[in-house]
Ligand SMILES: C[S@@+](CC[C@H](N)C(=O)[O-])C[C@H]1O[C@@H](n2cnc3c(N)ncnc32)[C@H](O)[C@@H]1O
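Heads up, the chain below is alone and in the form predicted alone; it's given as structure tokens.
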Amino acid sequence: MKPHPVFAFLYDRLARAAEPWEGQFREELCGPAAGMVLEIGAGTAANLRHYRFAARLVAAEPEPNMRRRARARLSEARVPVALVAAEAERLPFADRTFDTVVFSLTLCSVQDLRRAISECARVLCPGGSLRFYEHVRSDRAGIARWQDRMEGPWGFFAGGCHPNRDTPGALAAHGFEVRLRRFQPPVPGGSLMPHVIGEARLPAPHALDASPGRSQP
């Protein structure tokens, strides 16, 4: 689903309103990211000011209204940033380009979860780090059933978001070794939207897809 221009406005407002409690998780996610860093689905750039050690940050966002708002926040960055138009499932970067890839509330809304993870693996350098902060399918059966019921209407109002995706399971299925912790956001209805934050790595050696390299960021 292609987000309406109003969605970018509302998303940005919600991200700013959540910063008092969410900022600590964004800092945990982005603060340690080092080397050449790719953030996939950068949205309105709520994470920019939390990067400290990146040699260079490439912020990829496919939706033009989101990019417009992200561009207005580039002055908040403490590291060199390039804002590019790119989809998670079709990254215009060569194999093994990035030391770190970051997903922040993104994998819930990509059209093809497996392909997005595959593209992430392709552009990661050997031994690279995938850092993620996502809301995911509950590990409690009763709540997971409610998430399944909510999926259609939630996606309609939330720009194609899927509240019931088992993102950690999808990463593990691709071969990533996943470390994470689960928590509930301190907001009304937070139990219906469990979050995870963590890191995933591919065991070495890992045979990446042999697709031809593409242009550098």
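This structure is a prediction, so every number in the text was calculated from the model and none was measured. Just count from 1 along the sequence shown to find any residue number.
The same protein also has a form predicted together with this ligand, omitted here; what follows describes it.
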Quiz prompt | Selected contact from Ser138, Ser104, Thr97, Thr100, since only one has a non-hydrogen atom within 4.5 angstroms of this ligand in the predicted complex | solution = Ser104
Quiz prompt | Distance check, Ala42 to this ligand in the predicted complex, heavy atom within 4.5 Å | solution = yes
Self-check item: Interface membership of Ala46, this ligand in the predicted complex, 4.5 Å heavy atom rule
Solution: yes
Practice problem: Answer with yes or no whether Glu89 is in contact with this ligand in the predicted complex, where contact means some heavy atom within 4.5 Å. | Solution: yes
Exercise. Answer with yes or no whether Pro163 is in contact with this ligand in the predicted complex, where contact means some heavy atom within 4.5 Å.
Key: no
Quiz prompt | One stretch from 146 to 154, 55 to 63, 179 to 187, 166 to 174 that, in the predicted complex, holds residues within 4.5 Å of this ligand by heavy atom | solution = 55 to 63
Quiz item: So which bits of 110 to 138 sit within 4.5 Å of this ligand in the predicted complex, heavy atoms only?
Solution: Val110, Gln111
